[in-house]
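Presented as structure tokens, the chain that follows is alone, the form predicted alone.
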């Protein structure tokens, strides 16, 4: 118990003994964490918007002529039972003709003796899988009895899938890059701290102090620095959101700020970097 108290007290004292090093560590970690938070916020909003656009893509399934109301209802139920189908809205022949007439000014009903437009289902599907999964889903709909033809904007989906995948890869690359920058800055600061305390470390080693007793205060110091930097970065992010009114362009900011996770990541990153640096020195 006395050893634990000594480790904690020495770790806290170390924060004030090397004020400049502590300030540099907290400042560098706070900066990179703020950038990570902003990056995460922007990337999630972009991906959310892309997901909304993909979710608006529908397919239109035209029905064979002569289907009764009962057959249409059963067919609708079969479509809805297919995995990843969200909605299937029925449009009768009359509704299709009315929609067609709304698109054109001429009265086409005077030019034709009967309504040539087929009834259809406008089907909205979840496009969270690859193109192959989407093609299989459409194939299942096409094979249903009563379905005459399925029209789907395949080129649009292909383009959206390509850009969505490319965007996701770039965002991941940026995030990993920011983590490496944060790790590098922490590593340099911890090395500076170890060099400043080199004589103290050598003295403790000469008197036979255990490694855990030497390393412990550094771990405590790194945990505290990570905690302060994590809380500070969150405060700074919220401040930036309100000062620059980012709510108007980042409407999902409330959903993607996780204070507990952000602070934990900050503590883990600081502790892990300190762990690796000290293991190589002590």
Partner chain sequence: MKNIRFNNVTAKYSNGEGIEIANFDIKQGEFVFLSGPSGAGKTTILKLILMTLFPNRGSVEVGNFNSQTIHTKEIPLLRRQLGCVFQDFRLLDDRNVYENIAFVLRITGHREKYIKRRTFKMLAEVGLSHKRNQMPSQLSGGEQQRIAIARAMANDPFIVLADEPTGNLDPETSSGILDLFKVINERGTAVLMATHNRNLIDTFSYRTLQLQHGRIIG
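Positions refer to the first chain, counted from 1. Fair warning: this is a prediction, and the values are worked out from it, not measured in the lab.
Although not depicted, the form predicted together with its partner chain is the subject of the following passage.
When its partner chain is considered in the model of the complex, residue 199 lines it closely, a heavy atom lying within 4.5 Å. In the model of the complex, residue 213 approaches its partner chain with a heavy atom inside 4.5 Å.
Contact annotation: residue 6 falls within 4.5 Å of its partner chain in the model of the complex, judged by heavy atom distances. Residue contact with its partner chain in the model of the complex: residue 203 places a heavy atom within 4.5 Å of it. Every member of the trio 10, 13 and 17 reaches its partner chain in the model of the complex with some non-hydrogen atom inside 4.5 Å. Residues within 4.5 angstroms of its partner chain in the model of the complex, judged by any non-hydrogen atom, belong to 205-213 and to none of the other stretches in 205-213, 160-168, 76-84, 137-145. Along 134-171, a non-hydrogen atom within 4.5 Å of its partner chain in the model of the complex is carried by no residue at all.
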